[in-house]
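First, one chain by itself in structure tokens, the form predicted alone.
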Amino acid sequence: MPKLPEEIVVDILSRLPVKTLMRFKCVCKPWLSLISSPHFAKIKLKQARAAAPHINTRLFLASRPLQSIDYEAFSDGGGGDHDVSQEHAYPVTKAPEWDVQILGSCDGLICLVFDYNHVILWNPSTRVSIELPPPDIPDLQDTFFCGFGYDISIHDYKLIMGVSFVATEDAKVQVLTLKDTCWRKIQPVDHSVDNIYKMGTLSNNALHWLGSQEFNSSIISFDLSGERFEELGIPDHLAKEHCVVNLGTMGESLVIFCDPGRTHFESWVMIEYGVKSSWTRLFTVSGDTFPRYKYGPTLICFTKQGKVVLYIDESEWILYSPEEETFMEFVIKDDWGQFESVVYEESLVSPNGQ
């Protein structure tokens, strides 16, 4: 059989799952070189998103042990030959003594903090990781806000961390770019904004957090290219009631999840990014839908079928169907009790900055 042209080989291999490609590195040296190259990682990521963007996503849990869930397979009733749940070895030499905190996820890379002082950038699909220098923030045990994303203007990843209560004179916000792995201070959030915290939601080349401004709830965005903080408007009745629970995404669109009136939950999607009037209600669910749970849910992600993964009672993950108004529980093994989660793509992208 005549040798296939390289472009044909690249096209065929780029359509295979990441798990298969990791095994195919052992076929021959040319395939090892090809599959390990940053150029092929970009081709694979682009092809996967174009062909079936939902198929390559998993829910990562910073539990003990670390694990991920194929929520699409779970939504489909078990997923056939797919493993719905998968355990992951720690990307550090020993298991952490304290909670694992998630700083963000982008292009298959997950940024984590182990034991409050080890910042790790990790690709769980390839099991490659690097340790990044910690930011110049006095104590990472304090509540802080953070985010991780890709800056399309310089073709590099950025990590942002700052103190939680930013309405002070000495507020600190720092950014690290992956290619030079150096932290630098940037202009803090406007002093009229306070109490933004936790992991930022990545959408439209910007990170987003919930915050408060002039007695109203607001969404604070951070443009990764311009490195500017701005405010995004939310529906007036939701802003005044301070009922927004958390942010999420549906595709590239920003989503909010809220509990107006404390009797039901609503989800809204921003159809046109940055346009306040484009917020549209997605679904409403009665609070009685989850009667045995003590605390309300937060929205994690959507499946291709329009079902919703919710984090509820600060310890349970469920799959809710707005159309059928029913839900199923994920069975999760964990020794922590409470832990964070983030959606990530299976990819070949390397955390070493190439």
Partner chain sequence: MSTAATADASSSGDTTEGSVRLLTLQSEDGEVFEVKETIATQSVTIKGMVDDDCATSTIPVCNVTGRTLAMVIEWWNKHEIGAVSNEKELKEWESQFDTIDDKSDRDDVYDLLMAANYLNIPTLLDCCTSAVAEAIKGKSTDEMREFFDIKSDFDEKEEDALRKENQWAFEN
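Residue numbers count along the first chain shown, from 1. Since the model is a prediction, treat every value here as computed from it, not as a measurement.
Unshown form predicted in complex with its partner chain; subsequent notes refer to it.
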Against its partner chain in the model of the complex, would Lys333 count as a contact residue? Criterion: heavy atoms within 4.5 Å. no
Contact flag, His264 vs its partner chain in the model of the complex, heavy atom cut 4.5 Å: no
Is Thr126 close enough to touch its partner chain in the model of the complex, meaning at least one heavy atom pair within 4.5 Å? yes
Look up in the model of the complex whether Trp31 has a non-hydrogen atom within 4.5 angstroms of its partner chain, and give yes or no. yes
Which of 311-319, 31-39, 282-290, 61-69 lies within 4.5 Å of its partner chain in the model of the complex, heavy atoms considered? The stretch 31-39
Those residues of 4-33 with a non-hydrogen atom no more than 4.5 Å from its partner chain in the model of the complex are Leu4, Pro5, Glu7, Ile8, Asp11, Ile12, Arg15, Leu16, Pro17, Lys19, Thr20, Met22, Arg23, Phe24, Lys25, Cys26, Val27, Cys28, Lys29, Pro30, Trp31, Leu32
